[in-house]
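Given as structure tokens, the chain that follows is alone and in the form predicted on its own.
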């Protein structure tokens, strides 16, 4: 059931001992919304903890250093920034059919929770949580502000993607004005600081990028062997997907990351008119019109051929 802010406020004010689930391969928005919501629940006197199927990357330590939360038997299950319970990873089996509230901004949301606060036009889940906190009149702490700003900044590509709303700029301005957050430091760690292995991989991108369908599709594949050779972790590839639509005449770009042997996380980007969310839904995934994803299994050539055919149909 889809709900509005009023119903979400009633739910949060009456919940107890909440587990907040974030998606596997965690990014700035799911971590920011998870820990931002944890801070908001703390202001309401509600115990909560944040869980994720994968470890939180080190560069997000400034958000996660408050701790994931106390250990308790949960009475409330909340999901943030998760359109499909499959994205919960190992927590799908534990909590997948028990989610009472989902806060999300993906138009492909499966409506799997008892209550879903969905704003598909929002730049990030953190934008929704910020507006919800303001609606509720709950104090936003400096740590919470850092979390929510980070989610908005990362999901908007530092405010340069098409998904960036006027509201995202307004919230960022209010964060800087009212909460004394070091936005320059956050942006530097999110968008500029890189490991040596990551920089070496960036140098190889021009060699690795493949053009298909008369140049309308670009594919960049990174295998586990390549990651091991360069000494980089999968989460360090988070910013590579936009590179796939930098090629002239490219309409769709796909970044393939081998999550485990023969299992590829596929991140789609649309340069202009193509709805990549619709393509990914056909492949069992989903997301936004211009940024979406799915998981495909097989050897690398099989996976590429499957993706090429899916994009060919869409074009």
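All values reported here derive from a predicted model rather than from experimental measurement. Positions refer to the first chain, counted from 1.
Below, we turn to the form predicted in complex with another copy of the chain, even though it does not appear here.
Though another copy of the chain is absent from this view, in the predicted complex it lies within 4.5 Å of a heavy atom of just one residue from 139, 204, 142, 228, which is 204. The partner is absent here, but in the predicted complex a heavy atom of 188, alone among 90, 134, 188, 98, sits within 4.5 Å of another copy of the chain. Another copy of the chain is not drawn, but in the predicted complex it has a heavy atom within 4.5 Å of residue 247. Residue contact with another copy of the chain in the predicted complex: residue 116 places no heavy atom within 4.5 Å of it.
Put simply, residue 149 is close to another copy of the chain in the predicted complex: some heavy atom of it is within 4.5 Å. Using a 4.5 Å cutoff between non-hydrogen atoms, residue 237 does not count as a contact of another copy of the chain in the predicted complex. From the list 103 to 111, 82 to 90, 157 to 165, 67 to 75, the contact stretch for another copy of the chain in the predicted complex under a 4.5 Å heavy atom rule is 157 to 165. Proximity of 232, 283 and 305 to another copy of the chain in the predicted complex is absent: no residue of the three has a non-hydrogen atom within 4.5 angstroms. Residues of 181 to 206 placing a heavy atom within 4.5 Å of another copy of the chain in the predicted complex, in sequence order: 182, 184, 185, 187, 188, 189, 191, 192, 193, 194, 195, 196, 199, 200, 203, 204, 206.
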